[in-house]
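First comes one chain, alone, set out as structure tokens in the form predicted alone.
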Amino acid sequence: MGEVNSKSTAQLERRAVVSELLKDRGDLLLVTGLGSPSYDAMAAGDNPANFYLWGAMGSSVTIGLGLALAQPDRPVMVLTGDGELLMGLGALATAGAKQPGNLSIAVLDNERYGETGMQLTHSAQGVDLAGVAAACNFSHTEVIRDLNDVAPFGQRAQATDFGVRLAQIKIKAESPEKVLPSRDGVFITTRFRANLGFATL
């Protein structure tokens, strides 16, 4: 069992990380986890290829996995937090079993449940999310603590034949000002479907 670390040494700022991840994103499809990851993506620039998840905590990976399987020629990234991922941890096993070559998962790990009062998550107690993904047969996993390592992961996320991959990105426990995307689920879904080329009525 790993040593318990209830005080993160991470120094990365979440908005800087997300800006690097989404820079020069090409035709990347983005699914954002509940709460702060959605605000971070919106702060980096709204995009019709963004699917903001306002509810269904713990479902971002399963939604991203389904999208990756349905759109194998488009790169798909799930941008989520450690708390949201822990809520649906079994999704990593399903992603590892299905092995879509176009799916990337970026976990913004501040070791906190940011939407409910900044309580410590299991990653603050030594749970290794990248290690869990590796055990689930992911093609590539890493823990990122340096901003210079973020952009290379973002570039790999644009591939459709790299294999399923996950980066656990250690960020500060901070609460920047919320930049809210639309809360209109019909609008978000219709716009996203139009970006995929589906007819909308």
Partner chain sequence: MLDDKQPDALPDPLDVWSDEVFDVLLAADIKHVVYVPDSGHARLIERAIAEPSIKATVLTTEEEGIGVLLGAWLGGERGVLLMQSSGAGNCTNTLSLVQSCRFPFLTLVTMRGEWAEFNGWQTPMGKVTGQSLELMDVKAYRVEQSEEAAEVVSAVAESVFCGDLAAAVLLSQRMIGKKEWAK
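Model, not experiment: these values are computed from the prediction. Numbering follows the first chain given and starts at 1.
One more form of this protein exists, namely the form predicted in complex with the partner chain; it is left out here, but the text below deals with it.
Peer 1: What stretch, of 53-61, 169-177, 137-145, 39-47, brings heavy atoms to within 4.5 Å of the partner chain in the predicted complex?
Peer 2: Within 4.5 Å of the partner lies stretch 53-61.
Peer 1: Using the partner position in the predicted complex, report whether Arg193 sits within 4.5 Å of the partner chain, counting heavy atoms only.
Peer 2: Result yes; Arg193 sits at the interface with the partner chain in the predicted complex.
Peer 1: Is Thr94 a contact residue for the partner chain in the predicted complex, using a 4.5 Å heavy atom cut-off?
Peer 2: The answer is yes: Thr94 has a heavy atom within 4.5 Å of the partner chain.
Peer 1: Does any heavy atom of Ala159 come within 4.5 Å of a heavy atom of the partner chain in the predicted complex?
Peer 2: So Ala159 does not count as contacting the partner chain.
Peer 1: According to a 4.5 angstroms non-hydrogen atom cut-off, is Lys98 in contact with the partner chain in the predicted complex?
Peer 2: Residue-level check for Lys98: yes, a contact with the partner chain.
Peer 1: Hey, which residues along 58-76 are within 4.5 angstroms of the partner chain in the predicted complex, non-hydrogen atoms only?
Peer 2: Contacting residues: Ser59, Thr62, Ile63, Leu65, Gly66, Leu67, Leu69, Ala70, Gln71.
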